[in-house]
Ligand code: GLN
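Here you get one chain, nothing else, as structure tokens; it is the form predicted alone.
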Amino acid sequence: MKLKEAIEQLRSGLVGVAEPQEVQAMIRVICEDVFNYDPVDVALRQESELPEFAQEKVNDIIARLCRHEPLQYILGSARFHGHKFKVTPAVLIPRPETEQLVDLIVDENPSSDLRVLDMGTGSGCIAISLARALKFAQVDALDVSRDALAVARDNAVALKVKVNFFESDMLSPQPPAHYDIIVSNPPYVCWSERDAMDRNVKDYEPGQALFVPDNDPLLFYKAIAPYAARSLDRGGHLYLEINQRFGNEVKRLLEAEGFDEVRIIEDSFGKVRFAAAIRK
């Protein structure tokens, strides 16, 4: 099988599965991650013969994508903040919007030797990215899922950073420590929003990392905020990813917990996505 034949088979096999632009993006990732051809190679080496496993691999990828399985789970990796992270169905697939959260934290915290806590770390993408980008930071990260923590630890090893991972429930976190930054991207999608979500999300990604009850949409923020109020040193920063429907409610919650300079921040698509606050 030649490279051009594999690309054409992928393109024709995925008609109707995704929009043409998304299919093209998938093909680019598959060529790079499976066949080790970057975009320049793809343009110049269309006639190249692929390994013997190529036909079977292409067939498998098409079949799984047609069942709406996320490509990141099929390939076992996702790109985030310039690096490749291992992902499995035990963790959420990192989103580009969350990269903006990492950038916000790095831009606003130029000091060195900061103490950071990531609550609900999943794949570890936030904690590891901050450990790489902040100057000599001490980074801790917690998650309730042992399977998620195993993935996060593998990612830290692969990306050569030190992060202290530990098992803990965000709804009843361990006793307060001392941090300069606390960040969390907790579950915040209401169950009533599930039907409107894409099948590749709602059918494959871990529900416990996504959903909250309709009658308690701020469930995790009500646990994180008081913990952060006790654990952050004076002037410490709290950063949250939030449901765009509840920006005002999150702001009032943080103010009620005594946080100062509470901001609700839009992402690059103009959607309310983040909250940031400072401990007085």
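Bear in mind the structure is a predicted one, so any value in this text is a computation, not a measurement. Each residue number is its position in the shown sequence, starting from 1.
The following text describes the form predicted in complex with the ligand, which does not appear among the structures shown.
Using a 4.5 angstroms threshold between heavy atoms, Arg95 counts as touching the ligand in the model of the complex. Taking non-hydrogen atoms only, Pro187 approaches the ligand to within 4.5 angstroms in the model of the complex.
Contact check for Leu171: no non-hydrogen atom falls within 4.5 Å of the ligand in the model of the complex. A residue is said to contact a partner when one of its heavy atoms sits within 4.5 Å of a partner heavy atom; Leu134 fails this definition for the ligand in the model of the complex, lying far away. Of the residues Ala156, Ile74, Ala78, Ala209, just one reaches the ligand in the model of the complex with a heavy atom at 4.5 Å or closer; this is Ala209. Site annotation in the model of the complex: the residue of Met197, Val106, Ala177, Ala150 reaching within 4.5 Å of the ligand with a heavy atom is Met197. Heavy atoms within 4.5 Å of the ligand in the model of the complex are found in exactly one of 87-95, 107-115, 125-133, 162-170, that being 87-95. In this stretch, 232-258, the one residue having a heavy atom within 4.5 Å of the ligand in the model of the complex is Glu241; the partner itself is omitted from this view.
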